[in-house]
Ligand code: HEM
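Shown next as C-alpha cells: one chain only, the form predicted on its own.
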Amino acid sequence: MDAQIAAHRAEPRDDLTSFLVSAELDGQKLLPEHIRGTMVLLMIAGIDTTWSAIGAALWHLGSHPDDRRRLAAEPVLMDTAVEELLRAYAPVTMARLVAKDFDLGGQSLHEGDWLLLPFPAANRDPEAFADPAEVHLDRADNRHAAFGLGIHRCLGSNLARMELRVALEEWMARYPEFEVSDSAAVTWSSGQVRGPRTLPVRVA
C-alpha cells in the first residue's frame, strides 16, 4: 500500500488512490496512515462479509430441503431469495459513536459512548416483518437492514448482492441436490461478522 501511495504521489492519475492522496480533511491533506487505512478497508471490507453471507445461504439451503428444492425448481425466485437470506442471516453488526446525549428505551446514552447496532436483530423485528423468524424465499416486502440504512449504508451493497446471487446461481446449477452432512460439525464465527466457518456438505 505504501508503494502504491508513493507512486500516485509521484504520478497522479484518475483513480481512487490519487483521489485519497489529494483529498483534504478540515483543510489538511490526509495523513499517510489515514490513506493506507482507507485503502485497506475498501479492499477487505467486502470479503469476510460476503463469504459469510454466501456460507449462511448455503447452510440454510443445505439444512432446509424444502427451500432448496423450491429454489432449484423456481430460479425466478433468486432475487427475492437473496434478499430474504440477507435479511434472515445478516452477517454484520456495526458500532456507532453517540453524537449527543439521549435516552433510548429508558437507557441513557451519552455523547462519546459506543452503541452496537445488531442488524440481524433489526431484521427480525415483528413490527417490521411478518413472520420474522421464518425464511420465505418469495418475501416481496423486505426492507431489511443487512447493509445498514441511510447515509451509512454499505458502499458495496450492490456488488455484494451480485456476488451472492451469482454464487447461489452457479452452486444451484451445479449442485441442485445437496445437504449439510453433519450439523454438529458446523462452526460459526463470532464478533462483528457472523457466518459459518466450517460447513460440511454432501452433494448428490
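None of these values were measured; they are calculated from a predicted model. From 1 onward, residues are counted along the sequence shown.
This protein has a second form, the form predicted together with the ligand, left out of what is shown; the following refers to that one.
> Choose one stretch from 171-179, 58-66, 152-160, 132-140: the one whose residues place a heavy atom within 4.5 angstroms of the ligand in the predicted complex.
Heavy-atom contact with the partner occurs in 152-160.
> Heavy atom to heavy atom, is Ile35 within 4.5 Å of the ligand in the predicted complex?
Ile35 lies outside the contact set for the ligand.
> Determine whether any heavy atom of Leu31 comes within 4.5 Å of a heavy atom of the ligand in the predicted complex, and answer yes or no.
Result no; Leu31 lies far from the ligand in the predicted complex.
> Might His110 be said to contact the ligand in the predicted complex, defining contact as any heavy atom within 4.5 Å?
Close contact is absent here: in the predicted complex, His110 is far from the ligand, nothing within 4.5 Å, heavy atoms only.
> Do Ala167 and the ligand share at least one heavy atom pair within 4.5 Å in the predicted complex?
Judged by the heavy-atom cut-off of 4.5 Å, Ala167 is well away from the ligand in the predicted complex.
> Hey, which residues along 36-58 are within 4.5 angstroms of the ligand in the predicted complex, non-hydrogen atoms only?
Going through 36-58 in order - heavy atoms within 4.5 Å of the ligand in the predicted complex - the hits are Leu41, Leu42, Ala45, Gly46, Thr49, Thr50, Ala53.
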